[in-house]
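The chain below stands alone and is given in C-alpha cells; this is the form predicted alone.
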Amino acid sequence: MKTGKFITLEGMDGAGKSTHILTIVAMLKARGVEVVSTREPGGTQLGEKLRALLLHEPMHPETETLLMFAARREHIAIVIAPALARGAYVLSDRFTDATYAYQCGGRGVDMYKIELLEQWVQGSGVNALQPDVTLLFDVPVEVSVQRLSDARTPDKFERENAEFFHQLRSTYLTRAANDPARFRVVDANQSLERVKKLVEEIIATL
C-alpha cells in the first residue's frame, strides 16, 4: 500500500521541467522528507539501457510504446513502489502521461492500447499506481523548439517536427483539463525565478 507521495514532472522537451527538480528536492528535504529523485525512461539499470534505445534507435511506434512500459514496470518494481511503501516522496521526471503525449499524441498509437498497458503495469481501480500530483510545465511549441536549438545534441524525439510537438502539447493539456485534481499546469514561458516561485508554491501545498 502506498504511504509516501508520488510527484511527477511533465512537459515538452525544452519546457524547463528538469531545471526545477533540484528546487523540489531541496524543499522536501528541508521538511525532513526522504526524497527519491528518478526519471523515465530509466531509473534502473535495465531502464537506462532501454532509455538509450528509446531515445536514439528508430523503431515502430508500438515497439516504442511497449519498451516504455517495460522500463516502467521495472521502475515501479525496483524503485517507485519500495520507496513509497517506506513513506518516501518519489519525484519522477516523466511517467505515464508522457507516453500518452509522445506515443499516442505524437506517434498516433491507439489510446486504448496504452490504457490496457497502463492497467497491466500500474494496476487498476483503487489499487492503481498514479501520481499524487503532476506538475505540467507548459510553453508554446515555438519556445520549446527554440530552447532545444540552443541545447545539447538532440535525441530522436527532440528532432521531430513542429506538428509532432503541437500534438503532444495538445494531449498534455487535454489530460490536465480532464484531471484537474492531479495536474498543476505551470506557465513555464516566464522568467526562471517566476517559474521557481510557482513550483515552490505548489510543493508547499503538499
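We number the residues from 1 along the sequence you see. Small disclaimer: the values here were computed from a predicted structure and weren't measured.
Only in words, not in the display: the form predicted in complex with a small molecule, which the text now covers.
For the candidate set 177, 55, 26, 59, a heavy atom within 4.5 Å of the small molecule in the predicted complex is found for exactly one residue, namely 55.
With the partner omitted from this view, the residue of 91, 98, 109, 80 that lies near the small molecule in the predicted complex is 98 [heavy atom within 4.5 Å]. With the small molecule left out of view, the stretch that reaches within 4.5 Å of it through heavy atoms in the predicted complex is, among 128-136, 82-90, 115-123, 99-107, 99-107. In the predicted complex, the small molecule sits within 4.5 Å of a heavy atom belonging to residue 17. Taking non-hydrogen atoms only, residue 166 never approaches the small molecule to within 4.5 angstroms in the predicted complex. At a distance threshold of 4.5 angstroms between non-hydrogen atoms, residue 41 is in contact with the small molecule in the predicted complex.
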